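Shown next as structure tokens: one chain only, the form predicted alone.
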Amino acid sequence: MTFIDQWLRTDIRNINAYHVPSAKNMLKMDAMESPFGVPEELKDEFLEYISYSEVNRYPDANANELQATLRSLMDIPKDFGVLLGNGSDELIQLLSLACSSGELIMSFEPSFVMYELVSKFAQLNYHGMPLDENFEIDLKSTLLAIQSKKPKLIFIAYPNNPTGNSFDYDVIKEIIRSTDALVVLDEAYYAYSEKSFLAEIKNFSNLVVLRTISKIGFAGLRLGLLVGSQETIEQLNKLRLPYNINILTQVSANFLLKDRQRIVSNAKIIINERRRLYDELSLIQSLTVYPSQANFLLIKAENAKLLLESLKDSRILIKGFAISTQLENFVRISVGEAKENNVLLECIKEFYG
């Protein structure tokens, strides 16, 4: 037995690390990133702006300017609290730290894998409520599970990843009303969706909204935010590690996120391309394309694994799912800009003849 076998928690040894495939020289359409980076005409100004960063000093511990920038971009009311994280993943982990060992995290399946992974890291129990055949919430069984299992946290991805749909708004409100758990509405794809629960924070003391800038063009900055009542955020802030938002992220985000018009315009391009991809892929008989409120499409595909390999051979990465899971015959495709989507469409049409 090695030292690590003796020293490391058994449950950690049994977890598979989160796998990220190499994307070198590939058309990357697997991770729901935006295809729009820093515009060419702004790159020199951007580089000059960040060159003044005092990297020899610790960053602003509360990131006050960045908080103001995010409030303006996302129309967050002044009376709501905001907590920043190194990506939304850190905030999911932080929320789990607020729970006592052995308490329960509840979510829905299929959904974002980090909810379950983080529960294991924090030695919490996890219960995934299965979605129905249309990837919708079964309210009756969910309310019964809440009553019997008494979760401490309930994560609801809205829109859901990897299915792309937004669950029924009134169903979610009924879930929030039914429980003493803290309900976390994960709105990572808010920019591409028709609805949000942000305004509902004033109506429900047990509601917080989680967002990220990763899906609107800035995944590399690793910045997420949790919005809730001032009291809730004040208490959760005790769990945040000091200086968790580094100075280059703060400075870069303050420069890039102030251009709200460009961000909104880019989101509209993706929404239009999502519609075009949906329409064109739906014409292929071997595919069943699901409606989406996110920047990706979930597709049930004949010979899904062969399609993945064929696209990989063509230097295109899309997301596949593990064998013996509900989604083993599905793929998920991130929506790119028009020229990227055209390459993808050509390869898929060629594959299915």
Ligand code: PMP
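The first residue of the sequence shown is number 1, and the count goes up from there. These numbers were taken from a predicted model, which means no experiment stands behind them.
If you look for the form predicted in complex with the named molecule, you will not find it shown, but the lines that follow are about it.
K.L.:
Which residue, Ser119, Ser166, Thr212, Thr142, has a heavy atom that falls within 4.5 Å of the named molecule in the predicted complex?
P.N.:
For this set of options, the contacting one is Thr212.
K.L.:
Work out which of Asn161, Ser96, Thr249, Ser107 lies within 4.5 Å of the named molecule in the predicted complex, going by heavy atoms.
P.N.:
Spelling it out, the residue with a heavy atom inside the cut-off is Asn161.
K.L.:
When you measure heavy atoms, are Tyr115, Tyr189 and Arg222 every one within 4.5 angstroms of the named molecule in the predicted complex?
P.N.:
Per the other structure, all of Tyr115, Tyr189 and Arg222 touch the named molecule.
K.L.:
Although the partner isn't part of this model, could you tell me whether Val184 comes within 4.5 Å of the named molecule in the predicted complex, counting any heavy atom of the residue?
P.N.:
Contact with the named molecule, no.
K.L.:
Would you classify Gly128 as touching the named molecule in the predicted complex, given a 4.5 Å non-hydrogen atom cut-off?
P.N.:
Answer no; every heavy atom of Gly128 is more than 4.5 Å from the named molecule in the predicted complex.
K.L.:
With the partner left out of view, is Ser88 within 4.5 angstroms of the named molecule in the predicted complex by any non-hydrogen atom?
P.N.:
Although the named molecule is absent here, Ser88 would touch it in the predicted complex, with heavy atoms inside 4.5 Å.
K.L.:
So in the predicted complex, is the named molecule close enough to Ala157 to count as touching (4.5 Å, heavy atoms)?
P.N.:
Yes, Ala157 lies within 4.5 Å of the named molecule in the predicted complex.
K.L.:
I need the one stretch from 144-152, 214-222, 262-270, 130-138 whose residues put non-hydrogen atoms within 4.5 angstroms of the named molecule in the predicted complex.
P.N.:
Among the listed stretches, the partner-contacting one is 214-222.
K.L.:
Across 1-38, which residues bring a heavy atom to within 4.5 Å of the named molecule in the predicted complex?
P.N.:
The one in contact is Met32.
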